[in-house]
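Next up is one chain by itself, shown in structure tokens, the form predicted on its own.
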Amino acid sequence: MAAPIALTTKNWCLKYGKTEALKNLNIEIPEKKVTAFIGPSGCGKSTFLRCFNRMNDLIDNVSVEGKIMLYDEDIYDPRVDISILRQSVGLVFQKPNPFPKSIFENVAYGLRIQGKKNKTELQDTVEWALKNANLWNEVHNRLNDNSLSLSGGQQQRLVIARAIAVKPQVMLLDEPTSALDPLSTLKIEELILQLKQDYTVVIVTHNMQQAARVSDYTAFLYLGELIEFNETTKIFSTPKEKQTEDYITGRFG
């Protein structure tokens, strides 16, 4: 049975001023699967990813057309509360960005914004999020330490814990391992495979081997267009489009 669809784009276009960055994108991203966006630098992968929680709203001179649906909600409807949307659709950036606070307060941050004050509830949720981000065993006895004392890989898992503490529906990961060493990368990849049990995960990656390892579906973007979208095994073994094949085999990009 096919997985329900979590995110849908219909004729989605984005412009920076007069420059068309995304052109008429139509995609259905399945629930509780990992979908990877691949393609050469500057092809629109990160721009497209950030459309799903409206981070591009923060950039001057951006205009959009078309629809993006989170289940049955049009997320660009003027009535949408963007802060609630961003709790439902968490975003983890390429470079870990923990707040200059304690490990505990990083994870509790979103919960406090939601108005949660009960000490036991905060402690339980922080522990739950750190365990689900595979970080608890490494930090449980130093929760009051500054988060900036953690290694890069630990900081990235902390940021993921911060995102899942507010119980999102979707996790967006923008090249989450590009700044990390191989061992930290492996830990994040293992975490991504775990996360899909509870969340829809969309990852931007330059690393084709990573896309093959962690994703169920792959979208190949080129110059702002969606060239091909399919199950990852099919994209990498029998791509339908010559451009996809050329990119995967290293003939361009």
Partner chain sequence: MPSLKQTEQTRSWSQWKKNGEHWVWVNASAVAICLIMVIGLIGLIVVRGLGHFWVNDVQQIQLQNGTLWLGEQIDTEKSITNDAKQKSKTQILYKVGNREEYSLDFKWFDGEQIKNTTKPEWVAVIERYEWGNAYGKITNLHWQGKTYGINEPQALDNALQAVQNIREKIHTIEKNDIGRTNYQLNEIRLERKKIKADNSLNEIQKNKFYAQLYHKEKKISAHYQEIKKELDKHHKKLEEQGYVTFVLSDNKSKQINLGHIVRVYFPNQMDVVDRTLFYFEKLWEFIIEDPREANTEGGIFPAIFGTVALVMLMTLFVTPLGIITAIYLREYTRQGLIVRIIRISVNNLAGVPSIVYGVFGLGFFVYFMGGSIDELFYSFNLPSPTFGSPNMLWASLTLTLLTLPVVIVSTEEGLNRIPRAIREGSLALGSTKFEVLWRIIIPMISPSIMTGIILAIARAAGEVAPLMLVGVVKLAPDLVIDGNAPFIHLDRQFMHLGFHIFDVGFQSPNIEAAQPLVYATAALLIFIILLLNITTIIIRNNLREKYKALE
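This structure is a prediction, so every number in the text was calculated from the model and none was measured. Numbering follows the first chain given and starts at 1.
This next part talks about the form predicted in complex with its partner chain, which is not shown.
**Report entry** Contact assignment for its partner chain in the predicted complex, among Tyr76, Trp136, Phe104, Phe93, heavy atom within 4.5 Å
**Finding:** Exactly one residue meets the criterion: Phe93.
Query - Heavy atom within 4.5 Å of its partner chain in the predicted complex - residue from Gln87, Thr125, Asn132, Gln154 - result: Selected option: Gln87.
Query - Distance check, Pro100 to its partner chain in the predicted complex, heavy atom within 4.5 Å - result: Pro100 belongs to the contact set for its partner chain.
Query raised in the report: Does Val80 reach its partner chain in the predicted complex, with heavy atoms at most 4.5 Å apart?
Result: It does not: once its partner chain is placed as it appears in the predicted complex, Val80 has no heavy atom within 4.5 Å of it.
**Report entry** its partner chain contact in the predicted complex: Ser178, any heavy atom under 4.5 Å
**Finding:** Taking the distances in the predicted complex, the answer for Ser178 is no, it never comes within 4.5 Å of its partner chain.
Query raised in the report: Within a 4.5 Å heavy atom cut-off, is Leu195 in contact with its partner chain in the predicted complex?
Result: Outside the cut-off, so no.
Query raised in the report: Among 107-115, 178-186, 136-144, 67-75, which stretch sits within 4.5 Å of its partner chain in the predicted complex, heavy atoms only?
Result: Going through the listed ranges, the match is 107-115.
Query raised in the report: Using a 4.5 Å cut-off on heavy atoms, what residues in 176-196 are near its partner chain in the predicted complex?
Result: Stretch hits: zero.
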